[in-house]
Ligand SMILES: Nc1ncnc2c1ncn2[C@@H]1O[C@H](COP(=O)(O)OP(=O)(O)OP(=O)(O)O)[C@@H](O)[C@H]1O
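Only one chain is included here, represented as structure tokens and corresponding to the form predicted alone.
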Amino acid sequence: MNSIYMFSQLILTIFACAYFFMKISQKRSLNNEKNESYKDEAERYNRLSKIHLTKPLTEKSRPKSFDEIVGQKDGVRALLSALSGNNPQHIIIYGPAGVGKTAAARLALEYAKKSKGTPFLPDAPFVEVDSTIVRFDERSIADSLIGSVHDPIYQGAGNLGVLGIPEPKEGAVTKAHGGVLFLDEIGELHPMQMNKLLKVLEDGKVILESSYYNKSNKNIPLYVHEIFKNGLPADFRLIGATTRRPCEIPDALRSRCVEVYFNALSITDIRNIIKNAVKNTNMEFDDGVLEYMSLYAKNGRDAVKMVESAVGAARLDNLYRVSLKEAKWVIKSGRYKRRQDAYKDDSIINISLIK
């Protein structure tokens, strides 16, 4: 009887060992497959990271100094006066698209860092956010602008979630702490986002809330306690840019900001932008080409795109110079409309070029 019992135990042990051995083998095999998969993905991304195209002419022609920002002398001066010195202010820049608002804002911080009495440190950040695509969730689960809390019930474990601890996630306002937050097309912000932003501008910090937070929980790291108690730091200067009219921007925001106005570009301004763009093309342009294109470009982006398209058309025909023929083809194919002021100043425009 005992021998039968022992034999049964032996069989069970063998089966158990075989089962666990099989599970271990399967796990190892799965891990090997994952490792191979991760390795393949890593190699693919490494290959992708080594592929670089040439910079578009719009990037090469981006202003690198205030002298290269055409037609905005008063606007740039107003911007610098508001941001420089010992008491920099929040700013809204109004103006058409493609007249240099973003470039001016970037350069303004670098200038302000060197001004006498400035509170900006040499490494003060410039954080740029496109308001038209900023991620936003009305339940405050995710907010890349203001910041949010990673709650386990909504977003899974995370680093602290396995312990049931809410994890603060900083937004752009905290990343801009001590520097400038540039909001492009600020007029497109969701009203709730706008209200949150106004609160941050007033307090200089972001107050977070979570039903998972318990100040008596000793498992919560000290820094998380500090964040929930004192908020995430968000002391920055706002520069908002918009193509909207001032009357379309909330009064509560306007009252907190210095308003700066950038002008639409004149034909002379456009021609100067085209000249600067041509310098980056390594191509010769026939007489009259730049003047002709300046009659149709409404902003700096139009001007640079016309130059780039004309250069491309010339190269398609194996030419080493851009003639009026290529310029006229670009205007026609791009369906550009002639500017309303194209006939107003004979000293600037050669009327025969329009015909």
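What you see is a predicted model; the values in this text were computed from it and never measured. Quick note: we count residues from 1 along the sequence shown, nothing fancier.
Separately, the form predicted in complex with the named molecule exists; it is not shown, and the next lines address it.
Residue contact with the named molecule in the predicted complex: residue 58 places a heavy atom within 4.5 Å of it. For the chain shown alone, residue 103 is a contact residue for the named molecule in the predicted complex, at least one non-hydrogen atom being within 4.5 angstroms.
In the predicted complex, the named molecule sits beyond 4.5 Å of every heavy atom of residue 174. Taking non-hydrogen atoms only, residue 278 never approaches the named molecule to within 4.5 angstroms in the predicted complex.
Checked against the named molecule in the predicted complex, the candidates 314, 295, 330, 304 yield a single residue with a heavy atom inside 4.5 Å, and that residue is 304. Contact annotation: of the candidates 243, 144, 210, 193, the single residue with a non-hydrogen atom within 4.5 angstroms of the named molecule in the predicted complex is 243. Heavy atoms within 4.5 Å of the named molecule in the predicted complex belong, among the stretches 225-233, 195-203, 165-173, 91-99, to residues of 91-99. In the predicted complex, the residues of 41-73 lying within 4.5 Å of the named molecule by at least one heavy atom are, in order, 58, 61, 62, 63, 68, 69, 70, 72.
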